[in-house]
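To begin, one chain is listed below as C-alpha cells, in the form predicted alone.
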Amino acid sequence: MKKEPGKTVNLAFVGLGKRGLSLLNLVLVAMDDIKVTALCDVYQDRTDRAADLVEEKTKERPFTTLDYKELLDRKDIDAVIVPSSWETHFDICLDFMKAGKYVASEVGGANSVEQCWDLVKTYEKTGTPAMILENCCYGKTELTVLNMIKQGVFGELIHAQGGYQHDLRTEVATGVEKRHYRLDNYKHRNGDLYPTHELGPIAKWLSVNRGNRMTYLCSMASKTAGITDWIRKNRGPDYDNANFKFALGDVVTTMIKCAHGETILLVHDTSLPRPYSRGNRLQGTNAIWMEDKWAFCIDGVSPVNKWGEYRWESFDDYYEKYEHPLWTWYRQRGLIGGHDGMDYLTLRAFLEAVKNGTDTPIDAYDMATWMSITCLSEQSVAMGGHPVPIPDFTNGRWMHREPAIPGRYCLDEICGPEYFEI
C-alpha cells in the first residue's frame, strides 16, 4: 500500500482498555490528518465508550465490533493500532499484515519464539510493515544519549543496563475486577514479562539488527511474595488470589551478550514497593551515564577529588549541547500527549511511515527480537539460569542491512536539519 504524503490515514484500534483509550484520545486531540474509522474490543462497554469519544470529537461515529476479523477486509482502514492483551498481540498483527494493513502493537513480551518467527516470515512474505510502539525509544533522555553515541562521546560501547522497575502491586492484585491482562501473566509465567522499555533504546544504542546482534541470555528470578503480601494487607485474606502462589519472581534479572562483546543487564521489578525507574546506564571507553543519579562522567573532562578519583557531574550540564534534534524540534512546537510526550512521537513515527508508504523506524525484525526476550528468559529461569541462544531473526542480514530510511523519526542515525524545519 502506498499512501500519498499529506493524505488522511484511516486508522482502526483493536483493544480499548486504559492504554487503548489513551492513545485514541491522543490521536483525536492532536492529529488532524488521521481519521478513526473502526474500533474493536472484546468488551461491549469499551467499544461503546470509545465510539462515544470519537463521535464527540469528530461528529462521526466509527464502525464498532467485538471481533477484529470483521475489520480485515474493510477498505476504509489503512493502519491498525493494537493495544490489546499481551497474549493476543501477535495473532492480531499477523492477520492484519496478511490483509495488507500497516500494524502497530503495544509493548509486552512474546509467548513463544515461534510467534516471533511467524511475524518475521509474514513481514517478508507480504511486505507489510509491523512496528512495536516502544515509546521509550523516543524519550528525550534516551534520544540525547543516542545523539552522544553517534557523536563519539562514549567512545567504544561496552555495557548497558536498564529495567522496568515500577510498583504495579495494585494494578496486578486488582486485575480481576479491573479486567487487566497482567494478572494471568503474573500468575502463570516466570521471566522478564516486559523487557522492551529498557531494551528498545539499548538495542538502538548498540546497533542491534544493524551491524550487531544479541547472541544469548541468562536469567534468574527471585522468590515471589510481593503481590500476595499486598493483597493480604490491603484487601484481606478472602480477596481474589490472596492465597495463590504467583509464578513470577518479584525481581527477574537477565544478562545478554552481543556479537561484538557488549553486555546488557535487564531487570524486571514490579511486585515490590519502590519508586519508578528504568534504571538506565551506559558505559563506554570514554564515558558513563546513569539515569537514577542523573549523572555523567567523561574521561579527561569531569572533575576529580583530592585522590584523583572522578566525581559525578549532572547530566543537565551536557543535555543542552547534545539534545537530539527531534526533541529540539518537538519542544519548539510544544509537547503533546502522555509519558512526557513520548506517546505522540511514537505514534507519529508509525503514522508518518504509513503516509509515506515506507517501512517503520522500529521494524518487524526489531519487534521480534525485543519481544522474544520474554519467552527466552522464561526458558533460562526454568533451567536455573542456563544460557539460552537468541535467534537471529534477520537471518544474517544484520551484518549488511540496507541503509536506514532517513527522516525525523529515524532511530539508527542522526538525520540532517532539513528534516526538522518548523
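Remember, it's a predicted structure, so these values are computed and weren't measured experimentally. Just count from 1 along the sequence shown to find any residue number.
The next section is about a form of this same protein that is not shown, the form predicted together with a further copy of the same chain.
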| item | value |
| --- | --- |
| Contact test in the model of the complex: Gly261 vs a further copy of the same chain, heavy atoms, 4.5 Å | yes |
| Exercise: Asn135 in contact with a further copy of the same chain in the model of the complex, heavy atom 4.5 Å | no |
| 4.5 Å heavy atom contact, Glu106 to a further copy of the same chain in the model of the complex | no |
| Interface membership of Asp316, a further copy of the same chain in the model of the complex, 4.5 Å heavy atom rule | no |
| Listed residue (Leu157, Leu183, Ala110, Val120) with a non-hydrogen atom within 4.5 angstroms of a further copy of the same chain in the model of the complex | Leu157 |
| Contact residue in the model of the complex, from Asp240, Glu323, Asp95, Asp229 (heavy atom within 4.5 Å of a further copy of the same chain) | Asp229 |
| Segment that reaches a further copy of the same chain in the model of the complex - one of 139-147, 348-356, 270-278, 196-204, heavy atoms within 4.5 Å | 270-278 |
| Sequence-ordered list of residues in 334-349 near a further copy of the same chain in the model of the complex, where near means a heavy atom within 4.5 Å | none |
